[in-house]
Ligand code: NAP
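Shown below, as structure tokens, is a lone chain in the form predicted on its own; questions about how it binds or moves come after it.
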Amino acid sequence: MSAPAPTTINIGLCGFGTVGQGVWKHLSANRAELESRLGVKLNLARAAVRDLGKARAVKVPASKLTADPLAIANDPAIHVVCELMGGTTLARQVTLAALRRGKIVVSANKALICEYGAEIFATAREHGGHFFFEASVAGGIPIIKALREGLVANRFPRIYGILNGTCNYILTQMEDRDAPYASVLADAKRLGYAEADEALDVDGWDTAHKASVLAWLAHGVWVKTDQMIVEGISRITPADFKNASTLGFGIKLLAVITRDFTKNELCVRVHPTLLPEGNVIANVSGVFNAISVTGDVVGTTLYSGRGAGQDATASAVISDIADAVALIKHGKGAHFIGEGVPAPRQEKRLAPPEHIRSRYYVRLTVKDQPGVLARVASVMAKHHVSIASVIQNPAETPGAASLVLTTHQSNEKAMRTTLKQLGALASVLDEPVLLRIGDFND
């Protein structure tokens, strides 16, 4: 006969930065209502911090603070361990230690899941632990619950969306203010929307980590970032927004996860994308995230909300804590679906570049002289890339012009080869800029 469920659930927080303090603050403020809903007492037992002497906005009794997160992971009295440290080294040690003791771990760490997800879930299964990670993708948007619970009847030919609020803020400001990337990035840092080292966000890696988590949930495959197309936003200019608007598009940094069920091929990519101005996600601005999920049963559903920040992420963490309490109390629940290994599915492979098809936007800075367009067109025709439209504008450099071409449907292999040869032309003065056109028809 199994032991009765505890009447008090002890919660330990490993990491007490912005998110950790948000979780402590909101759990404390809403404790009575949560306890009434869940039918147990919630005890914020301990929090691990880097600096015991640091002043914090959220006050915690000194007796509840420790500098050793592994002490929380290994404490037999702690039922739920919230890993909110970030990084992939100590965070991995803490997560595995807690799971080996059969605990429930709640995490907001998408980089950890992307890199070590297979190991984490295998450890949870072996030792009877559980791993919840709603806060790892899209902040306050409950996209993980949607995929593993509400949409469990579906297969997913396409999931795409904005998964990084920093990039969406920068792109929105560039478009609205007709301002260059560097200027807007500096403003974003000053306002706290971008980190001092912005590379993880603006080069697309944060979005790629989140895309990896979504691909696993939807298709049962761990796709590493080096198996994806990952491109950032740093080469986009105000002129690109003007050109896109002329063509009837906006520009967003998207994660795109597609599966061809006929070939059984999966593709995960992150890149700036031209979206038709009538597309709902094209009109999501500022620090907000938005995700479109197409299922073969339900059709297309849309999710939008704050994708980052203390409150949005804390909301998702507390949601997982509530699921953890339900699991401890009842031993099962819908929240458990998809937590471990997805159901066995037909073997699938990653789509080769020649099978990844799109229309494309190409911007070239070229010498302003006769015959340039003909030479560019000749290179494109050689690789069977068909030009759909041409826009020519003056460039900032004297004697140069900006040549913008859109293509009909082509593929990544053909475009890579085409861009390499275009960049080698004597009349092309700078590395070509390539954007994909998102014909998602939502």
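None of the values given here were measured: they were computed from a predicted structure. Residue indices: 1-based, along the sequence shown.
Although it is not shown, the form predicted in complex with this ligand is what the next lines describe.
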Subject >> Segment that reaches this ligand in the predicted complex - one of 153-161, 320-328, 306-314, 212-220, heavy atoms within 4.5 Å >> reply: 306-314
Original post:
Among 354, 119, 195, 176, which has any heavy atom within 4.5 Å of this ligand in the predicted complex?
Top reply: 195
Original post:
Of the residues 85, 257, 291, 236, which one places a heavy atom within 4.5 Å of this ligand in the predicted complex?
Top reply: 85
Original post:
How about residue 384: is it within 4.5 Å of this ligand in the predicted complex, going by heavy atoms?
Top reply: no
**OP:** Would you please decide whether residue 18 lies within 4.5 angstroms of this ligand in the predicted complex, comparing each non-hydrogen atom pair?
**Re:** yes
Original post:
Taking 4.5 angstroms as the cut-off for heavy atoms, does residue 51 touch this ligand in the predicted complex?
Top reply: yes
Original post:
At the 4.5 Å heavy atom threshold, is residue 416 in contact with this ligand in the predicted complex?
Top reply: no
Original post:
Would this ligand in the predicted complex be within 4.5 angstroms of a non-hydrogen atom of every residue among 376, 400 and 432?
Top reply: no
Original post:
Within 123-147, which residues come within 4.5 Å of this ligand in the predicted complex, counting heavy atoms only?
Top reply: 135
